[in-house]
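Next up: just one chain, as structure tokens, the form predicted alone.
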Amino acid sequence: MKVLMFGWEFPPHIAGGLGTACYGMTKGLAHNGVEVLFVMPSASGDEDQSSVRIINASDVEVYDTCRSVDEFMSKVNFLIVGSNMMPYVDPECFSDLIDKQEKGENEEFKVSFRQKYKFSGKYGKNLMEEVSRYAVVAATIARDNQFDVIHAHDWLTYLAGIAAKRVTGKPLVIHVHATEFDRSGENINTEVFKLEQMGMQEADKVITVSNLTRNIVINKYGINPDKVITVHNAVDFSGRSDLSVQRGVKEKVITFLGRITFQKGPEYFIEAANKVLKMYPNVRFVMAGSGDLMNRSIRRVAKLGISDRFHFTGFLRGDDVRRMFLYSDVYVMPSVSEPFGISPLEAMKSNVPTIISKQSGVAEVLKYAIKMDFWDIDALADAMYGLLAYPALSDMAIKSGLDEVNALKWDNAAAKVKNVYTAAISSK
């Protein structure tokens, strides 16, 4: 079986958990006898291709002449959405882009015969333009390759997946790693919602990373439950060298690691930390990440008078993430809405007792992480304090958590995905 897979990022060049999940999934599929052609907007050449063949969309010559986005979309019969579909853009950049749009300063979208488009592969101001051009290139790639099924990861690649399906007639599987409701709560960007819904409707099968996400897909997007299948993520620690660290502080360390955005619940972490310090002053807190709530979080920490106990590291990746876990005595993920959440698995693998919100997909597969409602600051503070003050509780969480996470393997998840492929192919 061969799959044409569309992604946006792939290790070592990643901006979050999506690239890590794609890497683990492709390795697992290879072990299950599935050949993967993995398309990404901009490949650097240093990606691990032991389990996949990377196709760099920036190196593909486009055969069609498309003078506008609308012209291409009319050819493959799907709906174009507005260029403000950019949830990863910071507010200042977003505002600048809208101003340019209102002044009519955006360049016309053009792709000419045998032209190559150099994608940035980033989440910047031209994101929607790149998403649209990626779909144009996807149609060319689909016509030039043999495969059995198409697999598109997250909303950035749904247009590409639809384009590939329309020009080849092959079945489309889309993978929902997050929805606009996870990113924005109830104040959703309707353009993003429409694009996500279109991808789900066009797909022959929809894979969700948790039952939590499955329920959102069915109830919020109106998708037939019969074609929505949950496949939980896993974690891969193979090929990692051992690291050692020397701590520069004597105090215990409690870590928050993730985007500092509404979805991840950083404000609840700060309020709970303030309560913990009143009971257990011999502790430091780390917020590792970046995002639109970072400045507000820094101001809140200062207002509470706990700045000397808080550290903001900025965005971490690769070995720096692993080192952060080795520095930590407790890991906390208080997400308001988390489709899955791989970081708790990484923390538990690193022998760090873990606290997660009940509003996370990973809570469905973990028994030995402490679970609380994201909004229950008192419960979160009590859980932190308990792991700090009672070594027996911490030791039990470490030992049982390690055994549990070792059982969550990408090979098993990939076997379920392969079954979804088979079902999608047989339904055509």
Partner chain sequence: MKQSICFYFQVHQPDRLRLYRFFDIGNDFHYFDEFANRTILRRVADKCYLPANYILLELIKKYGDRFKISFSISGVAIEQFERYTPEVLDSFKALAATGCVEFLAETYSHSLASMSSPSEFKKQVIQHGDLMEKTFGVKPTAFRNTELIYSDTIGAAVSEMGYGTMLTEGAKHILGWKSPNYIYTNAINPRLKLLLRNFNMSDDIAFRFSNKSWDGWPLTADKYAAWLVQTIKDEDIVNLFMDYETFGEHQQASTGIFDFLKALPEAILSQTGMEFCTPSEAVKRHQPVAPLHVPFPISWADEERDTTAWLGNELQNEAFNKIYALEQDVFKTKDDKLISTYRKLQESDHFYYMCTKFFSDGAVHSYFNPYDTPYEAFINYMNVLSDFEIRVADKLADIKTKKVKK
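Owing to the predicted nature of the structure, the values given are computational and were not obtained by experimental measurement. We call the rigid core the largest set of C-alpha positions that still match within 1.5 Å between the two forms. Positions refer to the first chain, counted from 1.
Separately, the form predicted in complex with its partner chain exists; it is not shown, and the next lines address it.
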Could you confirm whether Arg166 comes within 4.5 Å of its partner chain in the predicted complex, counting heavy atoms only? no
Is Thr313 near its partner chain? Define near as a heavy atom within 4.5 Å, in the predicted complex. yes
Residue contact check: Gly305 to its partner chain in the predicted complex, 4.5 Å heavy atom: yes
With a 4.5 Å heavy atom cut-off, would you call Val249 a contact of its partner chain in the predicted complex? yes
Choose from 272 to 280, 186 to 194, 207 to 215, 286 to 294 the stretch whose residues reach within 4.5 Å of its partner chain in the predicted complex, heavy atoms counted. 286 to 294
Does each of Ile298, Arg309 and Tyr327 have at least one heavy atom within 4.5 Å of its partner chain in the predicted complex? yes
So which of Arg323, Lys220, His232, Lys358 reaches within 4.5 angstroms of its partner chain in the predicted complex, heavy atom to heavy atom? Arg323
Taking the rigid core as the frame, does Glu202 move its C-alpha by 2 Å or more between the shown form and the other one? no
Under a superposition restricted to the rigid core, does Ser350 display a Cα displacement of 2 angstroms or more between the shown form and the other one? no
Asp319 C-alpha relocation of at least 2 Å between the shown form and the other one, rigid core basis: yes
